[in-house]
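The chain below stands alone and is given in structure tokens; this is the form predicted alone.
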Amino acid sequence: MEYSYYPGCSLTGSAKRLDMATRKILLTLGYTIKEIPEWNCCGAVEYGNKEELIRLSRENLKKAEAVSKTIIAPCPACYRNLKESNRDGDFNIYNPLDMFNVADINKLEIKKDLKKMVFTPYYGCVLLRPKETAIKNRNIIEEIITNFGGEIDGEKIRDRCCGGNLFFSNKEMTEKCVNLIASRSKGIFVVYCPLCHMALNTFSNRKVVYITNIILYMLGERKNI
């Protein structure tokens, strides 16, 4: 089965490494993906007009039909906008976190574990709510980490807003949000949102990595997390 792949603007720019890692892991897990031809920006969080966001994402749904009506969208904002625009339910839309699971990863050649490492899984605002657009497994990052020997911290702040959407308009608020999150957690931040990565990496003074970094590290594709 072939899946339509929608990278979105962030993964072709500042989060290019996330795009490359996500594609590599999906292929390693056996998924066949093809980028949606001539895809357009979904508007992410920039537009104040919800209907305009829906219109932009519906354009991407139309373009995806040339590949597959089953779509994988890594960016949480793009993923949410595509799901909300799928009003007729004609498309199946997933975040890569929906495709990752411990059972499949266990079938791969694991070369390194996560023992003696402490992590704070951080999902941010979008991936876990609202339930209509949330990822299927709300604990997938924790499951991957603990299955391979890592320790978990920061359970109470995993879905707190990091203020990333205010990064360019009110950095003081973003810093305040990040400081709160950092004060109630420890270890390496593990994220899957480019906006969360930017905010936490800028203001937390802690290491911030994508879950894809951890998976590639365990597969021996990276020397360090």
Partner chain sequence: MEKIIAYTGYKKKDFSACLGCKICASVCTLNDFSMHANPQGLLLKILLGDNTITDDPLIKNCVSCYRCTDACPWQIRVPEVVRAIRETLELSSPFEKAFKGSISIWGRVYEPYIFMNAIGFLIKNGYLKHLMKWTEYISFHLPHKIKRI
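Residue numbers count along the first chain shown, from 1. Note that this is a predicted model, so its numbers are computed, not measured.
What comes next is about the form predicted in complex with the partner chain, which does not appear here.
When you look in the predicted bound form, the only residue of Leu26, Ala182, Met198, Ile188 with a non-hydrogen atom within 4.5 Å of the partner chain is Met198. Among residues of the shown chain, Val67 is not one whose heavy atoms approach the partner chain to within 4.5 Å in the predicted bound form.
Looking at Phe167, you'd find a heavy atom of it within 4.5 angstroms of the partner chain in the predicted bound form. At least one heavy atom of Cys9 is located within 4.5 Å of the partner chain in the predicted bound form.
Residue contact check for Thr32: none of its heavy atoms lie within 4.5 Å of the partner chain in the predicted bound form. Residues of just one listed stretch (106-114, 92-100, 143-151, 128-136) have heavy atoms within 4.5 Å of the partner chain in the predicted bound form: 128-136. Taking the partner chain as positioned in the predicted bound form, the residues of 9-30 that bring a heavy atom within 4.5 Å of it are, in sequence order, Cys9, Thr12, Gly13, Ser14, Lys16, Arg17.
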